[in-house]
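Here you get one chain, nothing else, as structure tokens; it is the form predicted on its own.
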């Protein structure tokens, strides 16, 4: 089973083996180019077990989509518990997504590269899924407490995470050669320069300067 924060159980249950195999194949070849028999062969299970657990290829894709969204949701919940301020939470979410782009490439690719509406049209759009609702709520809190400029939460969230997601896509495509964690500071500096209120931005600069001195 593809997890972000924990190891898959051993031995891996049949349904987990199917989802792990499907994730690899969907990312490598694209959903429409993968047959149910390829999933069966890679997972080393019977065709019957696939239909019993998921009902077919679309059922696998839907289960995988829900599972991976839950993984992202748990990541966000962990960040909000660990960090107090909305700005710190937004930074940490981006940082962890960048880190997982290196360590869990298939999961990140399925989230940010796949066109889910092409093969699971009845599921909500990614931007309407719970993890991304929570991200917008964090952004809204940053606007409300005066840390960020703006009046439209959708626009501000898109400005922050649109840049991060595009960098992830370029890294997955091999266009960006170095791990994205090397570019976190540059991205954050550019984003906050335009989006933070003057008072908050000055505080951030003072903090960075004090760290540099140390």
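Residue numbers count along the first chain shown, from 1. Nothing here was measured: the structure is a model prediction, and the numbers come from that model.
A second form of this protein, the form predicted in complex with a further copy of the same chain, is not displayed here; the remarks below concern that form.
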Residue stretch of 100-108, 76-84, 117-125, 138-146 approaching a further copy of the same chain in the predicted bound form, non-hydrogen atom distance within 4.5 Å: 117-125
Site test, 32, 173 and 190 vs a further copy of the same chain in the predicted bound form, non-hydrogen atom cutoff 4.5 Å: yes
Partner proximity in the predicted bound form: residue 66 to a further copy of the same chain, non-hydrogen atom cutoff 4.5 Å: no
Residue 195: touches a further copy of the same chain in the predicted bound form, heavy atom cutoff 4.5 angstroms: yes
4.5 angstroms heavy atom contact with a further copy of the same chain in the predicted bound form for residue 162: yes
Contact label in the predicted bound form: residue 154 to a further copy of the same chain, heavy atom within 4.5 Å: yes
Contacting member of 62, 53, 183, 42, with respect to a further copy of the same chain in the predicted bound form [4.5 Å, heavy atom]: 183
